[in-house]
Ligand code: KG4
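Before any questions on binding or motion, here is one chain by itself as structure tokens, the form predicted on its own.
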Amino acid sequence: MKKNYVILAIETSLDETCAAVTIDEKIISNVVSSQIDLHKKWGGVVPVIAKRAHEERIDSVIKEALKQAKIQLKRHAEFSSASHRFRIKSGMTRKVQDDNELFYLIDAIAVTLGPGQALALEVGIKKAKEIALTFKKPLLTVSHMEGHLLSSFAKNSKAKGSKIDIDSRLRGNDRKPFSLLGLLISGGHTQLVLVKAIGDYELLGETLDDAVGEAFDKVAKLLDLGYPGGPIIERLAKEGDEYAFNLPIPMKGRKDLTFSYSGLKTAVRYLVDDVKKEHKFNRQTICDIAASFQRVATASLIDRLKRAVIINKPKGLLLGGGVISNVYVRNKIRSSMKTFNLPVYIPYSKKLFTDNAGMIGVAAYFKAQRGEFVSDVSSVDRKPNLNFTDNPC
């Protein structure tokens, strides 16, 4: 695999229309068009609305990602090299100006295959196939969760990122044992993953019902706080007493590595019903419930995480997914890992915590290194229930 491998990545797994241009592990442009305002009044993502919004926005988002990358083309040697290769190959001596010509600077197209919402995935996949076939570019299909897992490996356009080292062992080129533990926490997933090498993963445990991010949303709804719930729960929790209510810590002490949040959600529902009956459902009580829920939900994550560390003895922890945007959760996890002297890695930018195409481009680059390109572009189809350890090729 040559250096300066340029990828146009597309991500439409749920309610964010995303496109990015990456060069190796570096994210050159990363455009996200959020649909939150469209789904707020429904209290969650409506698939048909999401699909229509993706269709309306996908072309402009891709165009903007290419436009931003074009600006970087003048600033970075990697893109200058790519531009030079194209001009020599095509006989061009003028600067790249036409939008379509920018596609020729791309070495490959990458797209999220799953998991995700079927109608949303369909839009990104259709567009990626269209571009790959039109401009005769190889296609890479990526697991959305692998994108989150590897987001800590991403670097910015100046090659700066987290201090994680992608050495030969982690790339899978050495037989010496080396592993990282990944904790992926989002609205749709709560998973513990053992990274034996990039591309070689073992799913250690996942939620049996609600994901932790989903639980934040549902508790916010119980408290009449609106959607999405995570940010407002975190904000109100700062004003509350996290020990005001003695909620149960899910799965505490269990020997396996599974998660569960439906029971905690139910406990909060009963609690809300009780305080309403007692006419104590006021702002301070809401803040106290938010704080108590946040404490217990995080304690459950840490309980499962500590057990995974003891069993697997990893060399570091990768955090990924939208819930790591929560500073309380992030700090509690960092603090708990100090006991094991275990480094905790997070993406260099908050923009990489939530859904984005930059992380898809980085994951795709590692797949390209392994030669995992799609053999038949026209046959590629969405996989909404893609398992983490499945190869999305």
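The first residue of the sequence shown is number 1, and the count goes up from there. The model shown is predicted, which means the values in this text are computed figures rather than measured ones.
Below, we turn to the form predicted in complex with the ligand, even though it does not appear here.
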message: Is Asn326 near the ligand? Define near as a heavy atom within 4.5 Å, in the predicted complex.
response: yes
message: Using a 4.5 angstroms cut-off on non-hydrogen atoms, would Glu214 count as touching the ligand in the predicted complex?
response: yes
query: Does the ligand come within 4.5 Å of any heavy atom of Glu234 in the predicted complex?
result: yes
message: in the predicted complex, does Ser152 come within 4.5 Å of the ligand, counting heavy atoms only?
response: no
statement: Contact with the ligand in the predicted complex, heavy atom within 4.5 Å, among Pro228, Gly240, Gly161, Pro314 goes to Pro228
- prompt: Tell me, which of Ser336, Ser33, Gln68, Thr354 has a heavy atom within 4.5 angstroms of the ligand in the predicted complex?
  reply: Thr354
message: Please pick out the stretch from 318-326, 260-268, 122-130, 196-204 that is in contact with the ligand in the predicted complex, where contact means heavy atoms within 4.5 Å.
response: 318-326
message: Only counting heavy atoms and a 4.5 Å limit, does any residue of 259-276 reach the ligand in the predicted complex, and if so which ones?
response: none
